[in-house]
Structure formats: C-alpha cells, structure tokens
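Read the single chain below, which is given as structure tokens and is the form predicted alone.
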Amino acid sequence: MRSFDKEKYMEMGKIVQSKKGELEAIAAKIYADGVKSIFFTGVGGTTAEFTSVKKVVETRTQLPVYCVNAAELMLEGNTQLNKDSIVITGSKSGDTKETVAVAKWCRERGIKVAVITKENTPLCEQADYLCTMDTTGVENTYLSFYYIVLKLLNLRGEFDEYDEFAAAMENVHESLVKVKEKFGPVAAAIAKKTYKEPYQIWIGSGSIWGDIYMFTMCILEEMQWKRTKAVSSPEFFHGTLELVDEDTQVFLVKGVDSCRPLDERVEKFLNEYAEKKVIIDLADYKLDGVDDKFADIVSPMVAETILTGCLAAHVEHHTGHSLDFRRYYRQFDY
C-alpha cells in the first residue's frame, strides 16, 4: 500500500483504545450535567467530520443536535445554545484559531466545552472536559468522538447497543487495514485514470456526506489544487446534474445506510448519461466483526480509510504534488 505505515497505523489505534475509559468518563460528566442540546463546532475538516457525526447522533437521540461553523457561531450566536448545552470540538494541531476562539467564547458565556486535542496546546486551556491524544487518521478522530457521544446516548437509554459497538471497535483497525489492502489496487487504477481531470464532481449522502465534502475540500482542493464540486445525492438532481456530459469526471460513493436509495438514483442517472464516471460502493468494503446495524456509524471510518487514507496517496504519486505543500494555508496571517 502506497505511503502506508501499518505499524504506525496500528499504534495510533492503540492510543485511541487506551483513551476509551477517559472519553466515556467525559460522557458520564456531560450526562450528569443534564445536557439538553449538543453543538458540534469547528472549522474546515473538523466541521466536515462533525457533519457525519451529527448524522449518526441525531438519528438516535431526542436531543437537538447542531453542527455549526465556529466563526459563524461567534458572530451569529444561536438561540438554542445556552448553559444547558454541551459544545464538542477538537483540533489536531490544538491551535486552530477559530476553534480556540469559539471554545473561549462559549466558556465566557457559561457553556461547557468538551475537547479532544494534543496536549499542552492553546485549545487545552479552553476545555471544561479534556482528553488529549496525538494521533493521525480521521478514522481515529471518529472513533474518539464516538466514545463520547454514543456513550452519552447509551446513558440516556437511547443506544442500548453501545457495549456491543465498543466491543466491535476493539479490533476495528485490523479490519480497516484489510479494507485498505482490498481498495489499494482500485485506488491505483482510479488515480492513474483520473488525476489529469481538470474538474471533478463528487457525490455521496447520509453519514458519509461529511467525508465526501472533506475529501474534495481538504485533500483535492487544499492539498492537490484540484477544482472540484461536492454535492449530496439528493441535491445532485437540483442543479449539478446539468454539468454532466461526455467530458465531466464524476465520482459517486455509494453508502450503506438508510440513504442508499438516494445514491442508487444517482447511479442510475450516471449509467445513462455520464461518459466518465467512477462508482465506489461501500458495500464492497464492510468491516469484519462489525454488525450491519452499525453500518451508518462505521461508514465514515471506512470512507476515510479508502479516500483520504488510500486514494489520496495514489493521486499524489501521479500528480507529483506533495500532500504536505501549501501555497497559503498556515503560511502567513490572513
């Protein structure tokens, strides 16, 4: 597998697993506070990740659940955000300007903030509930936040299967490696065939919509300078379909949750009208030892494994454009 360090990957998984009890303890404290609403907030990839987490949570709880851009939240506020809310955020670097600011802004208003980030960073200082870890891989980000929010739902009597889910996650990294191995040759073929395309449309829905958005924005745009359009399967038919012709490269990632019929509708259209199309079906990449009833929960982890964790490296190989190189992002103050 290109640019993949299995030993390091498994070590990152062990770090997350070692923090499980600590993350569940945060959930218990939030539950004891009598939380009445959940706000996920951040910027960039964090917001994209939370878009998928929100979808997983809101289909299982009676609590109002929001995902709000941190910069907008500080300017606009929200009438549902109050001292009975819990704000959940995170930052891989621990110093993302807007994320640190929104956590501080919330605490100044008596609103408690739960944070996952690196230790000894500015964001740590703005947390009421803090878990520090230094990991790579969005899969680990998802799992970390699941140990908080799904445990919270369990304590509320809304997710009785939590213990079963958590047990399945004990070996999830081994299963994710198998997914990488299976998708590797597919990723190589896709990258070789499409890396020169000047414009790409990416489509998905349900609990992986945040991942589609994140891959186009954070990987293809930010890290590869590719012009892309991310559109959800239901919205595709209300504008973007008119861009499909013999010259337009279209990607569809079919999910395995309740929104799958929306993806199948897009697939039917593409099979008839798109000359250049790539269809990736997550049904072909199920995780060993994980029951289908958790498919919507683990789908974002799988999507990130095959896209950011696999396809991105093959695209980088063909373009010769390093995933680490930026023109503007974090290069100067703006």
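Numbering starts at 1 and follows the sequence shown. Here the structure is a predicted model, which means the values were calculated and not measured.
What comes next is about the form predicted together with another copy of the chain, which does not appear here.
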Candidate spot Ser18, Tyr147 and Gly210, all three touching another copy of the chain in the predicted bound form (heavy atom, 4.5 Å) = no
request  = Sort through Lys92, Lys112, Lys226, Lys180 and report the residue having a heavy atom within 4.5 Å of another copy of the chain in the predicted bound form.
outcome  = Lys226
remark   = If we test each of Asp247, Glu174, Asp84, Glu170 for a heavy atom within 4.5 Å of another copy of the chain in the predicted bound form, the one that passes is Asp247
query = Would Glu235 show up as a contact with another copy of the chain in the predicted bound form if we use heavy atoms at 4.5 Å?
reply = yes
ask   = Ser258: heavy atom within 4.5 Å of another copy of the chain in the predicted bound form?
value = yes
4.5 Å heavy atom contact, Arg326 and another copy of the chain in the predicted bound form = yes
request  = May I ask you to state whether Val231 is within 4.5 Å of another copy of the chain in the predicted bound form, using heavy atom distances?
outcome  = yes
query = Going by heavy atoms within 4.5 Å, which of 74 to 82, 162 to 170, 138 to 146, 102 to 110 lines up against another copy of the chain in the predicted bound form?
reply = 74 to 82
ask   = Taking heavy atoms and a 4.5 Å limit, what residues of 49 to 72 are near another copy of the chain in the predicted bound form?
value = Lys55, Glu58, Thr59, Thr61, Gln62, Leu63, Pro64, Tyr66, Asn69, Ala71, Glu72
